[in-house]
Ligand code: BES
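Quick setup: one chain, the form predicted alone, written in structure tokens, and binding and motion questions come after.
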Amino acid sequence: MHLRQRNTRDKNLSTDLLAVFVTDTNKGTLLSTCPKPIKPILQKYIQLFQAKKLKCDILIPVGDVLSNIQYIFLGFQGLIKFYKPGDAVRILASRVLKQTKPLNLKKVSVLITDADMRPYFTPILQGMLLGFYTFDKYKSSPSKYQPEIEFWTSQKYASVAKRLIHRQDVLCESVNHCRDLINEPGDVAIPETFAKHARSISKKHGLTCEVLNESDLKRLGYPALIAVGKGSIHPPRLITMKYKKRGHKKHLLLIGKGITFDTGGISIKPANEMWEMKGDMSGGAAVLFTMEAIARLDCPVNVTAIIATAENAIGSRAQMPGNIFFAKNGKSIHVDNTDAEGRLVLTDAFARAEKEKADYIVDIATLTGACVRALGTEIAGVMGNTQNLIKAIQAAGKVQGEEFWELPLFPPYKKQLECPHADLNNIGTGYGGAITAGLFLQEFIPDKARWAHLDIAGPFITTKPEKYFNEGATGFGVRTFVELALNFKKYLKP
């Protein structure tokens, strides 16, 4: 899609459809902002909204003013019962393009009042850019519909609107790139695919990139990735990318779990919906394309990304339940369940992170079904050892429409990880699985590191249209990380 800003006082405004959001905050400025020819019809529908006779979106098939355009009026009075205002607006914005697609309209415009600029313009942009996304490259006739989108604003906010359009265009493009990779079949998105993307992004945007292959991992003593990946024909990779911002000392380190397909290994998963496990690398994909957006948006903080990527396959060489190996930090791990492999590969990532001496470390992973059972499919879990980092992630996520709920790292539950044959068992005994997974990871974070763990096993994918997402990957985490990097000093004050 091509996006651009237009002045509402331009004399040559034309469009196929004009979308108007009617909210409690903009009713007073809609008429003063809109082009004069559409004031009569706009006034009519404002009155209907005020009388609460229109509670959702309404499409007027044929307009009778301003070049015979069509109109869609949107009010979130019905949605506000279930969603926060930002998400309600994102949902409505996504509906605009879903209604225009079957009509094949070439130009769609959105009226943005001065009152909309601060609270709603970013959600409108995200709803359109993320809601329009589909993954149809494997269909025999993929959609070619690409409308031109104009945002009509007052001259006063022209420069602000252009800046926000650029920022959200970049950010949502990276979110959608992330969704593309996650949606690929597991035999296409393999560990080396991650490495190729990392090299390409780094070369294009001036990042440094290091990729450790299987022989490097053996030589340098990274045993977990080797153990998890040895049943696959696609060898593991440990990827490090670095973005450096001159004049800035603060350092954020992001770690992503990149299990490109998770069969569960010998502890095989049930067949029902196992196809979703092509998305078990969603944390790694989120970190990968966060780096793309951070570089393009010139974020004011140094950021390092580490992605531990492997395929957890079944084969004659696959690790078996009962295996024991020593992690890079010297602690021995008993592999009770080969389907608890994500936490294993993250131990190698934490060991690599120790070299970087970052101010803050955040890992993101589709780690436990227990987190999905606790929080559902729209909320991610967050836990860690640093409250200001946890609060910063929650605050940044809230701005971007990504929800995080804090879970406790409850020390007594660590007893579940005790093992008579090794320092740690790789799973707990049953209850509190998301928490015991976090406690396991805590054993491997660098000394004195300020750390948070994000479990995105719930919101990484949707199997049906949900809010403003179509079926498939959501790219969860990218928006939160970029928001954190763009406003690092705001969220993590010295």
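Here the structure is a predicted model, which is why all the values come from computation and not from measurement. Sequential numbering from 1, following the sequence displayed.
If you look for the form predicted together with the ligand, you will not find it shown, but the lines that follow are about it.
Stretch-level contact check against the ligand in the predicted bound form with heavy atoms at 4.5 Å: of 363 to 371, 99 to 107, 189 to 197, 153 to 161, the positive one is 363 to 371. Between the ligand and the residues Leu30, Ala457, Leu439, Ile445, the one pair within 4.5 Å by heavy atoms in the predicted bound form involves Ala457. Residue in contact with the ligand in the predicted bound form (any heavy atom within 4.5 Å), chosen from Lys242, Lys245, Lys269, His251: Lys269. Of the heavy atoms in Met277, some are within 4.5 Å of the ligand in the predicted bound form. The closest non-hydrogen atom of Arg343 lies within 4.5 Å of the ligand in the predicted bound form. For Asp262, a non-hydrogen atom is located within 4.5 Å of the ligand in the predicted bound form, even though that partner is not displayed. Contact between Asp180 and the ligand in the predicted bound form is not found at the 4.5 Å heavy atom cutoff.
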